[in-house]
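Consider the single chain below, provided in structure tokens and representing the form predicted on its own.
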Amino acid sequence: MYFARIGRLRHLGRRSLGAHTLLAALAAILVPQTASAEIDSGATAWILTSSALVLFMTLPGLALFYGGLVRTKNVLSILMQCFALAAVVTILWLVFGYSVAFDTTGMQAGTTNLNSFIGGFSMAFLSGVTHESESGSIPTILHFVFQMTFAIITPALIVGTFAERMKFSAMLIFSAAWLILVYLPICHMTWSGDGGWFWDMGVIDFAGGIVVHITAGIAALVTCIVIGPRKGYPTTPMPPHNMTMCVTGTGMLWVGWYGFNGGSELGANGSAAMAVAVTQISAATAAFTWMCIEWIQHKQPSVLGLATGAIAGLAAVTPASGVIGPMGGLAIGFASGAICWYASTAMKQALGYDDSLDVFGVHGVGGFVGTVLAGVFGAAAFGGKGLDGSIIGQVGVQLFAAAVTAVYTAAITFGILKAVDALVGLRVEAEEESTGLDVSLHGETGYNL
């Protein structure tokens, strides 16, 4: 706009306009012009950046992280699933997803009705959303994009639990139905504002411990139990085929998480900066904790342990990142590093389920740990922003919301899986699984050897 105004001024000068016109043109250059008095340009710039960072977490971060962890014959299937979900969820989010999650028509604070659990369709196809529409201090269309990136990564997380054995068609149908029946209601109850069931309870879920990690983690546990273990599990070794790819994806996730948590403030201010700081502290602490546990147990620190620990710390700090201080980030990082390590190793082995890439152990358990501890370290006594009530009361609210989410997610996920199995079948044939999904389902290979 600045250069456009300069060009306009030169053009006016050549036509020898009067002094009043010249002064008006100078004022147009010198006086800042804004599209709206309500929209904050700094906040808008930060959420634009955060939206790119969160999408970068899925494409290519999560795709590479998961892709490196599977066997060579299945790497393309993982990449395909992540990219396909980005496409499908974007379309669903436009058609009605955003509206169902964030439409607040008919909602009233303290009044429990259908609108407390699910939104309406007034914004379907972004009806009524224009260039000038505002959501707080940012454009509504930007809020749509930012929240869309969360909707994309959540079902993509679940992919890791059934890696190497689910039909591609089944994955698409399951993920679409799950987004509609699980993600959208939980998102609405938690984040839509006054009138949302969890919101009115005072539940703390700053960036998705409940909405993203607990829902994805519980769905992962149910899915891997229903579909059954991979052929040969647990007697056949199934090591990651490319740790370099895995670590690259981990780094992308870690950096992208700055937008995931910092962007959830929906502003560019001290709270966003603190969210970024505690995200870094928790990830680093959890990674170091997991590494040390393995070092003590196996006499060698593993790259896989370091990477997995970092993701655990990132998942756990997510719900609390907007209310805790540095000490809270340190405590949540340490707790998640130790507890998620146990859940992904000893507990999984004892119970015998094949959660291929530890989605439940890292995201489900990590999200639960962070959701509960937000009620502790959000207190001013621990350097947090302060709670409306007591620590015990807030922890009770956090536990209740987490438990309701877990039970609801488990029940609906089980129903969706059974319906999809009856419709197209969940699992590939044994021969296709042995050959690998890359060739069997997509007719391609990840590497030309």
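Each residue number is its position in the shown sequence, starting from 1. Just so we're clear, the structure is a prediction, and the values are computed from it rather than from any experiment.
A second form of this protein, the form predicted together with a further copy of the same chain, is not displayed here; the remarks below concern that form.
#### Entry: Output flag, 347, 369 and 389 jointly within 4.5 Å of a further copy of the same chain in the predicted complex, heavy atom basis
Verified in the predicted complex; spot residues all out of contact, no.
#### Entry: Distance check, residue 60 to a further copy of the same chain in the predicted complex, heavy atom within 4.5 Å
Contact check for residue 60: yes, within 4.5 Å of a further copy of the same chain in the predicted complex.
### Task
State yes or no: in the predicted complex, is some non-hydrogen atom of residue 403 no more than 4.5 angstroms from a non-hydrogen atom of a further copy of the same chain?
Residue-level check for residue 403: no, no contact with a further copy of the same chain.
#### Entry: Exercise: residue 288 in contact with a further copy of the same chain in the predicted complex, heavy atom 4.5 Å
Residue 288: yes, in contact with a further copy of the same chain in the predicted complex.
### Query
Is residue 45 close to a further copy of the same chain in the predicted complex, meaning a heavy atom pair under 4.5 Å apart or at it?
Result yes; residue 45 sits at the interface with a further copy of the same chain in the predicted complex.
### Answer range among 213-221, 96-104, 189-197, 78-86 for contact with a further copy of the same chain, defined in the predicted complex as heavy atoms within 4.5 Å
This holds for exactly one stretch, 78-86.
#### Entry: The single option of 202, 120, 229, 326 touching a further copy of the same chain in the predicted complex, heavy atom within 4.5 Å
Flagged contact: 326.
### Query
Considering only 252-281, what residues come within 4.5 Å of a further copy of the same chain in the predicted complex, judged by heavy atoms?
Result: 252, 254, 255, 258, 268, 269, 270, 271, 272, 273, 274, 276, 277, 280, 281.
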